[in-house]
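Next up: just one chain, as structure tokens, the form predicted alone.
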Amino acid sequence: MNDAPVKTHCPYCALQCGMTVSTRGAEVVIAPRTDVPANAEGALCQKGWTAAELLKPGARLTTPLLYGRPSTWQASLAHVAGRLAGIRAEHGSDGVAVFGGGGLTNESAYHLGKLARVALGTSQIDYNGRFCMSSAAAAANRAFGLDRGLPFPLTDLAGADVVLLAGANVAETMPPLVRHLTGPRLIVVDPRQTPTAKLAALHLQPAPGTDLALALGLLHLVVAEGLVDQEYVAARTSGFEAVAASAGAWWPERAERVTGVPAARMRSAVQMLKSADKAYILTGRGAEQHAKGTDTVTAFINLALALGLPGTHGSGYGCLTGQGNGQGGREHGQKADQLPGYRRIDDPAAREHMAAVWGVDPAVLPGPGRSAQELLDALGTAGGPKALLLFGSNPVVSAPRSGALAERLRGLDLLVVADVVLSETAALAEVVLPAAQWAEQDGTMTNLEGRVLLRRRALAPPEGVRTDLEIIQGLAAGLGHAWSADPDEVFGELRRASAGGLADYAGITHARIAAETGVFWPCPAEDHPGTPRPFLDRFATPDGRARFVPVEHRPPAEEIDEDYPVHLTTGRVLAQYQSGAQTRRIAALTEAAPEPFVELHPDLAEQLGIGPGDLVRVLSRRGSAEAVARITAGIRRDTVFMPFHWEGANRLTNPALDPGSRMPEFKVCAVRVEKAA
């Protein structure tokens, strides 16, 4: 007997492509939906098509583990409650930390923040989305007064004449998005000739860590050649004069010396943008994951503002959010400095509002805590957390300087991990709690365009597996709190919590999302239509104007030298996702991308005596990693690339932080490359 298909969404990236899940006997069947704009033509990538594989028994966790041995839920939760009581008594509430994930539903992200601040009373909470688009969030907040990845529907891109992609390899990271880019001419900024760059009319190939100088060079040309949209700048922005003056020092030949991008190609890019009736500038992780990522994204926003793009019909600026719920995950309480609804945790009015929703005194709510990398660095140190509750993240693979992090996790008094599989991080935990997957629980996700979507439960979790909300409910009960684990009830509380905030979900319900195939926030009332384009009339700043912000280029936190003469940059491949904890357990994906590799230019390979398929050792000041060599002329001679889905790449990366967003510098560090024995 076959079950009727259940409408839901892909478990992976922030496109949140629509799919249905049904069963045919013992087989779980996935099919694409055509009513979801992200993949309206029925497209899914290889990861989406194979997403049902991990729902099968075998590769996943189905029972709690206590000290590595099977245990019961009752015993495991009682153990955690007792250990937390002792640690909090000895070290205070901040002796316990919480680390979340960008794949959690809005309901789970909201309740995880509540668990930290109400049940545990700790300020020490952040999430892996800090590693995703925090720099773009910081840049958008200071320019527009609001952080929403794409402040326009994704489908608008198809009507553009030109789209500039800075540091985004969408052909591998979000393949269905490419269908929205078949009409526009593409300008791609990337140090590698990625599959996306191969689709471009113009590829700008800067040295890693120099995107900011490139953006300044492009803005210089816009100003010097009289291409500024003066009417737009006068009517809708402030601060242009200071930015124009700072860009004056970045004539194209100077920018060429710093970036390696020929001045003629910069001029071509500017002419393409200015000659277009409709144009977009989009940034991705390649522009953000730097110790100056906020300023780099700001420079591209300044360029977009000078051209008159943001907040208009058919043109704009946006950031391509990466993780499935990277947008919603930070809106509703997982970030160290934010309360639900994008409220600042140090704002007295925001604290009063949330305290009323939670039924507590505002004085008991903790203040801002450490950001993700700072929290991970503090684990087990004097004055740092001694216990960590971790949901849906695998920092042993995904965090910079990951070798040092693994040692800190081993030294904790208590590590509790809730996950679907026994990841590299979960393998170090004292307690492991098996979590339900995407198709086994109801909840909402907010995709990269700010559209709130509904994931529907299509299957019952295996016996012994609990949903994230049920796990949080059990942990809260051990701390003396009786909370609901019903997604609809939790979302109702989230609606009240977000009401009046920048990310206002008050008018969104599960039923409405299902009826409308998603609702754009802000949506303050049930009769409100939602806000697909929030900047058409005014920006979210006090005066309604977008703000130009002067920025200056500076070198990477770690420059190449005689000992480490090559740049390393990292990124993704088509068949794997994030830390690979799930995708590396799916046979078809492992067959397509079975192992890590080092991509290097033929000239560098010849200099080092390395051939295709040779084992290569890459060393930085933080560690070493080995992988097979891939030789390609599509990468700069001074740069090597490694994917980060396996242990290794992030042993090398630099934890230097952006001063505003606290984003680590994943995208560039200095390494030495040699042929392994």
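The first residue of the shown sequence is 1; numbering continues from there. As the structure is a computational prediction, the values presented were derived from the model and not from experiment.
In what follows, reference is made to the form predicted in complex with a small molecule, a form of this protein that is not presented.
Trainee: Looking at Ser402, Gln578, Thr237, Gln338, which has any heavy atom no more than 4.5 Å from the small molecule in the predicted bound form?
Mentor: Exactly one listed residue reaches within 4.5 Å, namely Gln578.
Trainee: Quick check on this chain: which one of Ala168, Ala497, Leu448, Leu221 has a heavy atom within 4.5 Å of the small molecule in the predicted bound form?
Mentor: Among Ala168, Ala497, Leu448, Leu221, a heavy atom within 4.5 Å of the small molecule in the predicted bound form occurs only for Ala168.
Trainee: If contact means any heavy atom within 4.5 Å, which of 272-280, 304-312, 249-257, 170-178 contacts the small molecule in the predicted bound form?
Mentor: Looking at the other structure, the answer is 170-178.
Trainee: Taking any heavy atom pair closer than or equal to 4.5 Å as contact, tell me whether Asp126 reaches the small molecule in the predicted bound form.
Mentor: Output for Asp126 is no: heavy atoms all beyond 4.5 Å of the small molecule.
Trainee: For Phe131, is any heavy atom within 4.5 Å of the small molecule in the predicted bound form, or not?
Mentor: Phe131: yes, in contact with the small molecule in the predicted bound form.
Trainee: Is His567 near the small molecule? Define near as a heavy atom within 4.5 Å, in the predicted bound form.
Mentor: Although the small molecule is absent here, His567 would stay clear of it in the predicted bound form, with no heavy atoms inside 4.5 Å.
Trainee: So in the predicted bound form, does Thr653 come within 4.5 Å of the small molecule, heavy atom to heavy atom?
Mentor: Yes - in the predicted bound form, heavy atoms of Thr653 and the small molecule come within 4.5 Å of each other.
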